[in-house]
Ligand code: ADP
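Given next, in structure tokens, is a single chain: the form predicted alone.
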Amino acid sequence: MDKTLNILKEYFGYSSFRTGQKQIIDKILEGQDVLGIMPTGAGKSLCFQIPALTLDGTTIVISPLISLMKDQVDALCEMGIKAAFINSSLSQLEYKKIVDAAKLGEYKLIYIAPERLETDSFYELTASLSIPLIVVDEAHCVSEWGHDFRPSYTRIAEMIGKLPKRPVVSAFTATATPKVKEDIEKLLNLKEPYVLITGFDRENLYLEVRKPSEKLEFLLDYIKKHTDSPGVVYCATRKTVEMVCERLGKNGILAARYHAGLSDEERTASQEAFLNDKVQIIVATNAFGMGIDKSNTRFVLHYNMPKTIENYYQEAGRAGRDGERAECVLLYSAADVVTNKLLIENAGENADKSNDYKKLQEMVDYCNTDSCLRSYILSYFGEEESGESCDNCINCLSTIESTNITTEAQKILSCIRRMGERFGSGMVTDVLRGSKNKKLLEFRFNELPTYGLMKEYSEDTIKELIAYMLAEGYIAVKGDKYPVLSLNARSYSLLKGAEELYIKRHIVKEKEKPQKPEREVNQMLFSILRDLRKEIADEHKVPPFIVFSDATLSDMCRKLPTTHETMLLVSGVGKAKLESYGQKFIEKIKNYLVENNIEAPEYEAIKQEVRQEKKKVSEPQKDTRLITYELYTSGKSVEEICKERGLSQVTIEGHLIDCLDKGMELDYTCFVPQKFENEIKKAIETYGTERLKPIKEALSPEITYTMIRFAMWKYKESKSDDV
């Protein structure tokens, strides 16, 4: 058996790698630098921990937060792996003890804070170590375009340059725009790195934007419906954190607070209480969370809208790290926009405020679109939209009928144009409603034909329509602090009646959320095992999720292991944990089976189930694109391949486009009939290659997303040839 697979099973308790992990591990072991951009929960840590266990010497992991180091080191030690961290939380005596042990080669991994790169003592330590691998975790911190810039990260390349022998360097992050990716490669001085982007999609996360009239009532109601679920509530300001935490406490909800205005001791106490399941909720500003490895957080609720999509997705991604279903709910109000603009204005003279305002508008657009929320986020990070429903966001699950708002939209656009495209949504709304405010009358806007044209609509409704049109690209915005509405090509297309505009709002009902096609988890047994996990965690002085994740407990409930042999077939159970406390879980399961007159599954039956699970994930370890290519060139249609491989049409088409990129032979005309090629090309030149939806809406109805995707490939190919 492959040595890395052996380590995966023996220490971590998993029988197969997730997408991308094996490729990265192999490249590191081959001596190549690596940049891994993988979503939270995709298993980035294993990508460097397994090479660290395979290579001779001590791997150095540069990590930005004390909490992240402690969680990962605790988890490694629980598995019987020698690891330590060096940061400001250590006493002088503790630090000396770790350094002495490190010099003797006792640790396979040492986690350090980036600020340590500035100390002479760290360089003295590295000079005495054999270092085969340097790992830069949360690598986006190196870029000023990233959302958590840390100046000390810029010294990493200098530190590596001072080592007697340059080790392999690997960098990892969950969120990186193309600009941040470029900065990581350049500023860390990666040498011809193997770059793997597994995609930003977290399929287990349900996404929702709500606009409640009373946020606090919504929050209390939501938490009372999720009483057994740990969750994070993010707020924009310290004052809001204090208010929300106080109200939760008055309603009998165990909650802790976390923000930069508290002492280090109180922040640490709040964090530990949440990690150890002593409180259900932590209410926090964005000062909380980076590197928090609590795998069983079942929801992240944003009480206020964050400033950027990067911030939002990083924070929302702290839910469901165990791969189980989790919810990400954002409560939006116009006041959030005002708060964020104030934060931008007070950011200091050196901040790139123009870029900050642009990112804020993109966040506002996310909150106002009625298109797929997942597609919006993926498109932001450079992944093409599929044009299909994700079936796991509030917009895709909405059953409300679309309403034609073409007439209302034309009135709004006409008003913007007649006002000279020089004002924001507030003044445009006042004119449409027939307001008599002094400034409006001074400009004589009461003489415009659009004055009072929508007086039957409320102010909030008109502003919501404008926000929706901005989100969907039918209105452009100019300026930063005081944005001005203006028209673009799509505006004129709508004004001339060349297209119609529809909106879905006021959702009253949702479809059933999709369930995984697997045996149902017995909630009573899960609760019994969760209580046992808490007892063991308290005894070992570690957070419960370090003992076993929720996903592992769920798998125990499905497989019902009653022997050591069958327990090792549970995902997430390795030999070290089995020896430490596996028997206690076995006894609880046995008691439950006896009390409920349930027969334990046979070993072979469980093993067969594991084989089937491995089969599902083994195929991506091969060149999955080549498999698709071979099936297609053997005469099978895209639809037949989708059915055979259990993959979506978008994925299969993506494989074939990748094959075209690599110069493999494919008949392009099978995907794009010649009669449509010029029409699609003109639309691409008009709307660009960032999003598929505007192109689709501008084309003849019979032109499919498939045709657009392949035509877009040819268009990009021709442009690169021109260069």
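The first residue of the sequence shown is number 1, and the count goes up from there. Please read these numbers as outputs of a predicted model, since none were measured by experiment.
Omitted from view is the form predicted in complex with adenosine-5'-diphosphate (ADP), to which the following refers.
Remark: S16 counts among the residues lining adenosine-5'-diphosphate (ADP) in the predicted complex, judged by a heavy atom distance of 4.5 Å or less. At the 4.5 Å threshold, heavy atoms of A42 reach adenosine-5'-diphosphate (ADP) in the predicted complex. In the predicted complex, adenosine-5'-diphosphate (ADP) sits within 4.5 Å of a heavy atom belonging to L46. By the criterion of a heavy atom within 4.5 Å, H302 is excluded from the residues contacting adenosine-5'-diphosphate (ADP) in the predicted complex. Listed stretches are 32-40, 668-676, 694-702, 57-65; the contact stretch with adenosine-5'-diphosphate (ADP) in the predicted complex is 32-40, by a heavy atom cutoff of 4.5 Å. A single residue from the set R257, H140, R374, R321 has any heavy atom within 4.5 angstroms of adenosine-5'-diphosphate (ADP) in the predicted complex; that residue is R321.
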